[in-house]
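Let's start with one chain on its own, the form predicted on its own, as C-alpha coordinates.
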(Lines give C-alpha, C1' and ligand atoms only; values in the text may rest on other atoms or scores of the structure.)
Protein backbone atom coordinates (compact mmCIF):
# COMPACT_ATOMS: atom_id res chain seq x y z
CA UNK A 1 0.00 0.00 0.00
CA UNK A 2 1.18 3.51 -0.77
CA UNK A 3 2.69 5.63 1.99
CA UNK A 4 -0.16 7.79 3.39
CA UNK A 5 2.06 10.87 3.06
CA UNK A 6 1.92 10.38 -0.72
CA UNK A 7 -1.89 10.21 -0.74
CA UNK A 8 -4.04 13.32 -0.91
CA UNK A 9 -6.70 13.86 1.74
CA UNK A 10 -9.55 16.05 0.52
CA UNK A 11 -10.88 18.39 3.22
CA UNK A 12 -14.28 19.82 2.32
CA UNK A 13 -14.69 23.13 4.13
CA UNK A 14 -12.27 25.85 5.16
CA UNK A 15 -13.72 26.72 8.55
CA UNK A 16 -12.17 26.26 11.98
CA UNK A 17 -12.21 22.46 11.85
CA UNK A 18 -11.04 22.10 8.27
CA UNK A 19 -8.15 24.55 8.62
CA UNK A 20 -7.03 23.01 11.93
CA UNK A 21 -7.03 19.58 10.31
CA UNK A 22 -4.99 20.86 7.36
CA UNK A 23 -2.37 22.35 9.70
CA UNK A 24 -2.23 19.19 11.81
CA UNK A 25 -1.78 16.98 8.74
CA UNK A 26 0.86 19.30 7.28
CA UNK A 27 2.77 19.20 10.56
CA UNK A 28 2.92 15.41 10.20
CA UNK A 29 4.00 15.49 6.56
CA UNK A 30 0.65 14.21 5.27
CA UNK A 31 -0.63 15.69 2.01
CA UNK A 32 -4.04 17.36 1.93
CA UNK A 33 -6.06 19.93 0.00
CA UNK A 34 -8.89 22.19 1.24
CA UNK A 35 -12.01 22.96 -0.79
CA UNK A 36 -14.07 25.96 0.29
CA UNK A 37 -17.45 26.99 -1.12
CA UNK A 38 -16.90 30.73 -0.54
CA UNK A 39 -15.27 32.82 -3.25
CA UNK A 40 -12.67 34.23 -0.86
CA UNK A 41 -11.60 34.16 2.76
CA UNK A 42 -14.07 36.11 4.90
CA UNK A 43 -13.82 36.05 8.72
CA UNK A 44 -17.39 35.88 9.99
CA UNK A 45 -19.29 35.52 13.24
CA UNK A 46 -18.93 36.97 16.71
CA UNK A 47 -17.39 35.65 19.92
CA UNK A 48 -16.20 32.16 20.72
CA UNK A 49 -14.58 30.60 23.77
CA UNK A 50 -11.59 28.35 23.26
CA UNK A 51 -11.06 26.24 26.37
CA UNK A 52 -7.78 24.54 27.33
CA UNK A 53 -8.55 21.25 25.55
CA UNK A 54 -8.78 23.10 22.24
CA UNK A 55 -5.88 25.45 22.99
CA UNK A 56 -3.73 22.39 23.72
CA UNK A 57 -4.17 21.34 20.08
CA UNK A 58 -3.63 24.85 18.70
CA UNK A 59 -0.56 25.35 20.90
CA UNK A 60 1.04 22.22 19.48
CA UNK A 61 0.52 23.83 16.07
CA UNK A 62 2.48 26.89 17.30
CA UNK A 63 -0.51 29.24 17.21
CA UNK A 64 -0.65 30.36 20.84
CA UNK A 65 1.34 33.57 20.27
CA UNK A 66 -1.13 34.71 17.61
CA UNK A 67 -4.06 33.88 19.86
CA UNK A 68 -2.60 36.10 22.58
CA UNK A 69 -2.26 38.84 19.96
CA UNK A 70 -5.94 38.77 19.01
CA UNK A 71 -7.92 37.31 21.91
CA UNK A 72 -8.46 37.90 25.61
CA UNK A 73 -7.06 35.33 28.02
CA UNK A 74 -10.01 34.53 30.26
CA UNK A 75 -9.45 34.48 34.01
CA UNK A 76 -12.74 33.25 35.45
CA UNK A 77 -16.23 31.91 34.92
CA UNK A 78 -18.75 34.08 36.75
CA UNK A 79 -22.38 33.07 37.34
CA UNK A 80 -25.07 35.54 38.43
CA UNK A 81 -28.82 35.36 39.02
CA UNK A 82 -31.19 37.73 37.24
CA UNK A 83 -30.87 40.18 40.13
CA UNK A 84 -27.15 40.60 39.46
CA UNK A 85 -26.13 38.63 42.55
CA UNK A 86 -23.05 36.46 42.21
CA UNK A 87 -23.76 32.76 42.61
CA UNK A 88 -20.22 31.50 42.10
CA UNK A 89 -16.99 32.42 40.37
CA UNK A 90 -14.26 29.95 39.53
CA UNK A 91 -10.92 30.46 37.80
CA UNK A 92 -10.40 29.09 34.31
CA UNK A 93 -7.50 28.23 32.02
CA UNK A 94 -4.04 28.77 33.48
CA UNK A 95 -5.64 30.63 36.41
CA UNK A 96 -7.25 27.31 37.38
CA UNK A 97 -4.04 25.31 37.06
CA UNK A 98 -4.34 24.12 33.46
CA UNK A 99 -1.19 23.93 31.36
CA UNK A 100 -2.98 25.88 28.63
CA UNK A 101 -4.94 29.15 28.63
CA UNK A 102 -8.59 29.79 27.89
CA UNK A 103 -9.11 32.39 25.16
CA UNK A 104 -12.23 34.42 24.47
CA UNK A 105 -11.82 35.59 20.91
CA UNK A 106 -13.72 36.88 17.91
CA UNK A 107 -14.52 33.89 15.73
CA UNK A 108 -13.29 35.86 12.72
CA UNK A 109 -9.94 36.46 14.45
CA UNK A 110 -9.55 32.76 15.24
CA UNK A 111 -10.44 31.93 11.65
CA UNK A 112 -7.86 34.44 10.41
CA UNK A 113 -5.13 32.98 12.65
CA UNK A 114 -5.80 29.54 11.19
CA UNK A 115 -6.12 30.76 7.61
CA UNK A 116 -2.92 32.83 7.74
CA UNK A 117 -1.04 29.85 9.14
CA UNK A 118 -2.28 27.61 6.32
CA UNK A 119 -1.24 30.12 3.65
CA UNK A 120 2.14 30.68 5.29
CA UNK A 121 2.97 27.01 5.85
CA UNK A 122 1.18 25.28 2.98
CA UNK A 123 0.94 27.99 0.34
CA UNK A 124 -2.07 29.65 -1.33
CA UNK A 125 -2.58 26.71 -3.68
CA UNK A 126 -3.54 24.50 -0.75
CA UNK A 127 -7.04 26.07 -0.68
CA UNK A 128 -9.49 25.91 -3.58
CA UNK A 129 -12.14 28.63 -3.33
CA UNK A 130 -15.46 28.59 -5.23
CA UNK A 131 -15.65 24.84 -4.67
CA UNK A 132 -19.08 23.95 -3.30
CA UNK A 133 -19.12 20.18 -2.82
CA UNK A 134 -22.30 18.54 -4.12
CA UNK A 135 -21.41 14.93 -3.29
CA UNK A 136 -18.92 12.18 -3.98
CA UNK A 137 -18.29 8.84 -5.62
CA UNK A 138 -15.86 6.23 -4.36
CA UNK A 139 -14.39 2.80 -4.98
CA UNK A 140 -12.12 0.56 -2.91
CA UNK A 141 -9.02 2.66 -3.74
CA UNK A 142 -10.05 6.31 -4.20
CA UNK A 143 -12.83 8.82 -3.63
CA UNK A 144 -13.89 11.60 -5.97
CA UNK A 145 -15.34 14.83 -4.57
CA UNK A 146 -17.90 16.43 -6.88
CA UNK A 147 -18.30 20.20 -7.05
CA UNK A 148 -20.90 22.53 -8.49
CA UNK A 149 -19.84 24.26 -11.71
CA UNK A 150 -16.23 23.10 -11.57
CA UNK A 151 -14.06 20.02 -11.99
CA UNK A 152 -14.06 17.08 -9.59
CA UNK A 153 -11.03 16.11 -7.50
CA UNK A 154 -9.85 12.63 -6.61
CA UNK A 155 -8.12 11.72 -3.37
CA UNK A 156 -7.54 8.93 -0.90
CA UNK A 157 -10.24 9.98 1.59
CA UNK A 158 -12.74 12.83 1.98
CA UNK A 159 -13.18 14.63 5.28
CA UNK A 160 -16.47 16.53 5.40
CA UNK A 161 -15.83 19.70 7.39
CA UNK A 162 -18.56 21.56 5.53
CA UNK A 163 -20.56 22.69 8.51
CA UNK A 164 -24.10 22.64 9.83
CA UNK A 165 -25.65 22.44 6.35
CA UNK A 166 -23.17 19.83 5.09
CA UNK A 167 -23.95 18.59 1.59
CA UNK A 168 -21.91 15.46 2.26
CA UNK A 169 -24.00 14.66 5.33
CA UNK A 170 -27.09 15.16 3.15
CA UNK A 171 -25.63 12.67 0.66
CA UNK A 172 -25.09 10.14 3.45
CA UNK A 173 -28.42 10.83 5.19
CA UNK A 174 -30.80 11.96 2.42
CA UNK A 175 -33.88 11.37 4.57
CA UNK A 176 -32.62 13.02 7.74
CA UNK A 177 -35.18 15.18 9.52
CA UNK A 178 -34.93 18.95 9.75
CA UNK A 179 -32.60 20.49 12.38
CA UNK A 180 -33.78 20.20 15.97
CA UNK A 181 -35.22 23.46 17.24
CA UNK A 182 -35.64 23.64 20.99
CA UNK A 183 -37.92 26.68 20.92
CA UNK A 184 -35.13 29.12 21.80
CA UNK A 185 -33.99 32.09 19.73
CA UNK A 186 -30.70 33.89 20.17
CA UNK A 187 -29.66 37.49 19.70
CA UNK A 188 -25.95 38.25 19.59
CA UNK A 189 -24.02 41.49 19.44
CA UNK A 190 -20.72 43.18 20.21
CA UNK A 191 -20.26 46.47 22.06
CA UNK A 192 -17.13 48.58 22.50
CA UNK A 193 -16.86 49.80 26.08
CA UNK A 194 -14.71 49.84 29.20
CA UNK A 195 -13.93 46.48 30.88
CA UNK A 196 -16.23 45.01 33.55
CA UNK A 197 -15.48 42.70 36.48
CA UNK A 198 -11.91 41.37 35.98
CA UNK A 199 -11.78 42.51 32.37
CA UNK A 200 -11.42 38.82 31.51
CA UNK A 201 -14.59 37.24 32.91
CA UNK A 202 -16.78 34.78 31.02
CA UNK A 203 -20.08 35.80 32.58
CA UNK A 204 -23.44 34.06 32.59
CA UNK A 205 -26.54 35.73 34.01
CA UNK A 206 -30.09 34.49 34.52
CA UNK A 207 -32.06 31.67 32.92
CA UNK A 208 -33.70 31.15 29.56
CA UNK A 209 -37.26 31.44 30.88
CA UNK A 210 -36.64 34.59 32.95
CA UNK A 211 -33.97 36.23 30.78
CA UNK A 212 -30.48 34.91 30.14
CA UNK A 213 -27.27 36.48 28.89
CA UNK A 214 -23.70 35.32 28.34
CA UNK A 215 -21.17 38.16 28.18
CA UNK A 216 -17.40 38.22 27.75
CA UNK A 217 -14.66 40.39 26.18
CA UNK A 218 -13.08 39.20 22.93
CA UNK A 219 -10.63 42.02 22.01
CA UNK A 220 -8.52 44.53 23.90
CA UNK A 221 -7.89 47.98 22.45
CA UNK A 222 -5.00 50.35 23.06
CA UNK A 223 -7.26 52.98 24.63
CA UNK A 224 -8.25 50.59 27.42
CA UNK A 225 -11.64 49.64 26.01
CA UNK A 226 -12.70 46.20 24.94
CA UNK A 227 -14.96 44.57 22.40
CA UNK A 228 -17.60 42.85 24.54
CA UNK A 229 -19.46 39.90 23.04
CA UNK A 230 -22.95 39.26 24.37
CA UNK A 231 -25.71 36.78 23.61
CA UNK A 232 -29.21 36.28 24.94
CA UNK A 233 -31.42 33.21 24.68
CA UNK A 234 -35.21 33.47 24.86
CA UNK A 235 -38.09 31.01 24.30
CA UNK A 236 -39.77 31.59 20.94
CA UNK A 237 -42.30 29.62 18.95
CA UNK A 238 -41.19 30.84 15.53
CA UNK A 239 -38.64 28.92 13.47
CA UNK A 240 -36.16 30.44 11.06
CA UNK A 241 -33.24 28.96 9.19
CA UNK A 242 -29.86 29.08 10.88
CA UNK A 243 -28.50 32.23 9.24
CA UNK A 244 -25.77 34.32 10.84
CA UNK A 245 -26.65 37.29 8.64
CA UNK A 246 -30.17 37.97 9.97
CA UNK A 247 -30.33 41.46 11.49
CA UNK A 248 -31.70 41.52 15.03
CA UNK A 249 -33.86 44.25 16.59
CA UNK A 250 -33.59 45.34 20.22
CA UNK A 251 -37.33 45.65 20.72
CA UNK A 252 -37.72 41.93 19.98
CA UNK A 253 -35.72 40.79 23.00
CA UNK A 254 -35.05 43.68 25.42
CA UNK A 255 -38.04 42.96 27.69
CA UNK A 256 -36.40 40.91 30.47
CA UNK A 257 -33.31 43.15 30.58
CA UNK A 258 -34.77 46.65 30.89
CA UNK A 259 -33.92 46.85 34.61
CA UNK A 260 -30.65 44.90 34.52
CA UNK A 261 -28.54 47.89 35.55
CA UNK A 262 -26.19 46.18 38.00
CA UNK A 263 -23.43 47.89 39.94
CA UNK A 264 -20.90 45.87 37.93
CA UNK A 265 -22.49 46.20 34.45
CA UNK A 266 -25.30 48.18 32.81
CA UNK A 267 -26.93 45.58 30.53
CA UNK A 268 -29.45 47.90 28.77
CA UNK A 269 -26.61 50.29 27.96
CA UNK A 270 -24.48 47.40 26.67
CA UNK A 271 -27.26 46.33 24.34
CA UNK A 272 -28.20 49.85 23.26
CA UNK A 273 -24.62 50.65 22.20
CA UNK A 274 -24.04 47.48 20.19
CA UNK A 275 -22.07 47.76 16.95
CA UNK A 276 -24.54 45.30 15.40
CA UNK A 277 -27.08 42.68 16.46
CA UNK A 278 -27.73 39.31 14.82
CA UNK A 279 -30.68 37.00 15.37
CA UNK A 280 -30.97 33.30 14.76
CA UNK A 281 -32.59 30.23 16.33
CA UNK A 282 -30.71 27.81 18.54
CA UNK A 283 -30.46 24.69 16.41
CA UNK A 284 -28.67 21.39 16.53
CA UNK A 285 -29.28 17.95 15.03
CA UNK A 286 -30.09 14.65 16.66
CA UNK A 287 -26.96 12.53 17.06
CA UNK A 288 -26.27 9.97 14.35
CA UNK A 289 -24.76 6.54 14.95
CA UNK A 290 -22.37 6.49 11.98
CA UNK A 291 -20.00 9.12 10.56
CA UNK A 292 -17.78 7.04 8.30
CA UNK A 293 -18.79 5.44 5.02
CA UNK A 294 -15.96 3.80 3.12
CA UNK A 295 -13.44 6.55 2.39
CA UNK A 296 -15.65 9.40 3.60
CA UNK A 297 -16.14 10.69 7.14
CA UNK A 298 -17.75 13.67 8.86
CA UNK A 299 -16.19 16.08 11.37
CA UNK A 300 -17.14 19.24 13.27
CA UNK A 301 -20.62 20.62 12.69
CA UNK A 302 -21.13 18.19 9.81
CA UNK A 303 -20.81 15.33 12.30
CA UNK A 304 -22.22 16.74 15.55
CA UNK A 305 -23.87 20.18 15.27
CA UNK A 306 -24.62 21.34 18.80
CA UNK A 307 -26.06 24.28 20.69
CA UNK A 308 -23.39 26.98 21.11
CA UNK A 309 -23.13 26.51 24.84
CA UNK A 310 -20.16 25.79 27.05
CA UNK A 311 -17.57 26.82 24.46
CA UNK A 312 -17.74 23.48 22.70
CA UNK A 313 -18.91 23.93 19.10
CA UNK A 314 -15.59 25.05 17.63
CA UNK A 315 -13.60 23.21 20.30
CA UNK A 316 -15.03 19.82 19.38
CA UNK A 317 -14.17 20.40 15.71
CA UNK A 318 -10.59 21.11 16.78
CA UNK A 319 -10.51 17.90 18.84
CA UNK A 320 -11.87 16.02 15.81
CA UNK A 321 -9.01 17.42 13.74
CA UNK A 322 -6.46 16.33 16.30
CA UNK A 323 -7.85 12.80 16.47
CA UNK A 324 -7.93 12.51 12.68
CA UNK A 325 -4.36 13.74 12.27
CA UNK A 326 -3.07 11.42 15.00
CA UNK A 327 -4.72 8.41 13.40
CA UNK A 328 -3.55 9.27 9.89
CA UNK A 329 -0.03 9.37 11.31
CA UNK A 330 -0.50 6.13 13.21
CA UNK A 331 -2.03 3.92 10.53
CA UNK A 332 -0.89 3.14 7.00
CA UNK A 333 -4.50 2.49 6.03
CA UNK A 334 -6.32 5.79 5.87
CA UNK A 335 -9.64 3.94 5.94
CA UNK A 336 -8.62 2.39 9.24
CA UNK A 337 -7.56 5.83 10.45
CA UNK A 338 -10.95 7.45 9.85
CA UNK A 339 -12.80 4.53 11.41
CA UNK A 340 -10.59 4.69 14.50
CA UNK A 341 -11.17 8.45 14.67
CA UNK A 342 -14.94 7.87 14.66
CA UNK A 343 -14.63 5.27 17.40
CA UNK A 344 -12.67 7.77 19.51
CA UNK A 345 -14.90 10.78 18.98
CA UNK A 346 -18.50 9.91 18.10
CA UNK A 347 -19.80 8.78 21.48
CA UNK A 348 -18.13 11.71 23.25
CA UNK A 349 -19.42 14.34 20.80
CA UNK A 350 -22.94 12.92 20.70
CA UNK A 351 -23.14 13.06 24.49
CA UNK A 352 -22.12 16.74 24.44
CA UNK A 353 -24.88 17.47 21.89
CA UNK A 354 -27.48 16.09 24.31
CA UNK A 355 -25.89 17.68 27.38
CA UNK A 356 -25.89 21.11 25.73
CA UNK A 357 -29.64 20.75 25.29
CA UNK A 358 -30.34 19.72 28.86
CA UNK A 359 -27.62 20.68 31.37
CA UNK A 360 -24.96 23.06 30.04
CA UNK A 361 -22.64 24.83 32.55
CA UNK A 362 -25.20 27.55 33.30
CA UNK A 363 -27.49 24.89 34.75
CA UNK A 364 -25.96 26.23 37.97
CA UNK A 365 -28.12 29.34 37.62
CA UNK A 366 -31.26 27.32 36.87
CA UNK A 367 -30.62 25.27 40.01
CA UNK A 368 -30.40 28.40 42.16
CA UNK A 369 -33.43 29.94 40.43
CA UNK A 370 -35.47 26.88 41.40
CA UNK A 371 -34.22 26.83 45.00
CA UNK A 372 -34.98 30.54 45.50
CA UNK A 373 -38.20 30.68 43.45
CA UNK A 374 -36.51 33.41 41.43
CA UNK A 375 -36.14 35.73 44.41
CA UNK A 376 -32.96 37.47 45.61
CA UNK A 377 -30.97 35.72 48.33
CA UNK A 378 -29.10 37.09 51.33
CA UNK A 379 -26.19 34.66 51.12
CA UNK A 380 -25.69 32.03 48.44
CA UNK A 381 -24.37 29.67 51.15
CA UNK A 382 -27.87 29.64 52.65
CA UNK A 383 -29.24 28.39 49.32
CA UNK A 384 -26.62 25.89 48.14
CA UNK A 385 -23.03 25.21 49.10
CA UNK A 386 -20.04 25.83 46.85
CA UNK A 387 -19.19 22.14 46.58
CA UNK A 388 -22.59 21.36 45.05
CA UNK A 389 -22.17 24.20 42.56
CA UNK A 390 -18.68 23.11 41.56
CA UNK A 391 -19.93 19.54 41.11
CA UNK A 392 -22.24 20.83 38.35
CA UNK A 393 -19.39 22.51 36.48
CA UNK A 394 -17.09 19.52 36.99
CA UNK A 395 -19.71 17.21 35.53
CA UNK A 396 -19.83 19.30 32.35
CA UNK A 397 -16.03 19.49 32.15
CA UNK A 398 -15.82 15.72 32.33
CA UNK A 399 -18.47 15.20 29.66
CA UNK A 400 -16.88 17.81 27.37
CA UNK A 401 -13.40 16.38 27.98
CA UNK A 402 -11.75 19.47 29.47
CA UNK A 403 -11.18 18.53 33.09
CA UNK A 404 -7.64 19.31 34.24
CA UNK A 405 -6.86 15.59 34.40
CA UNK A 406 -8.07 14.98 30.84
CA UNK A 407 -6.23 17.96 29.33
CA UNK A 408 -3.02 17.00 31.16
CA UNK A 409 -2.98 13.50 29.61
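Numbering follows the first chain given and starts at 1. Everything numeric here is computed off the predicted structure, so don't read it as measured data.
The form predicted together with a small molecule is left out here; the points below concern that form.
By the heavy atom within 4.5 Å rule, which residue out of 375, 44, 371, 27 makes contact with the small molecule in the predicted bound form? Checked against the cut-off, the match is 44.
So the small molecule isn't shown here. In the predicted bound form, which residue out of 61, 37, 67, 380 has a non-hydrogen atom within 4.5 Å of it? None of the other options qualify; the answer is 37.
Proximity of residue 107 to the small molecule in the predicted bound form, heavy atoms at 4.5 Å: Contact check for residue 107: yes, within 4.5 Å of the small molecule in the predicted bound form.
Using heavy atoms and a 4.5 Å limit, would one call residue 87 a contact residue for the small molecule in the predicted bound form? Result no; residue 87 lies far from the small molecule in the predicted bound form.
Does the small molecule get within 4.5 angstroms of any non-hydrogen atom of residue 300 in the predicted bound form? Heavy-atom contact with the small molecule at 4.5 Å: present for residue 300.
Answer for residue 133 alone: is it within 4.5 Å of the small molecule in the predicted bound form, judged on heavy atom distances? Contact check for residue 133: yes, within 4.5 Å of the small molecule in the predicted bound form.
If contact means any heavy atom within 4.5 Å, which of 79-87, 206-214, 335-343, 300-308 contacts the small molecule in the predicted bound form? Only one stretch passes the 4.5 Å heavy-atom test: 300-308.
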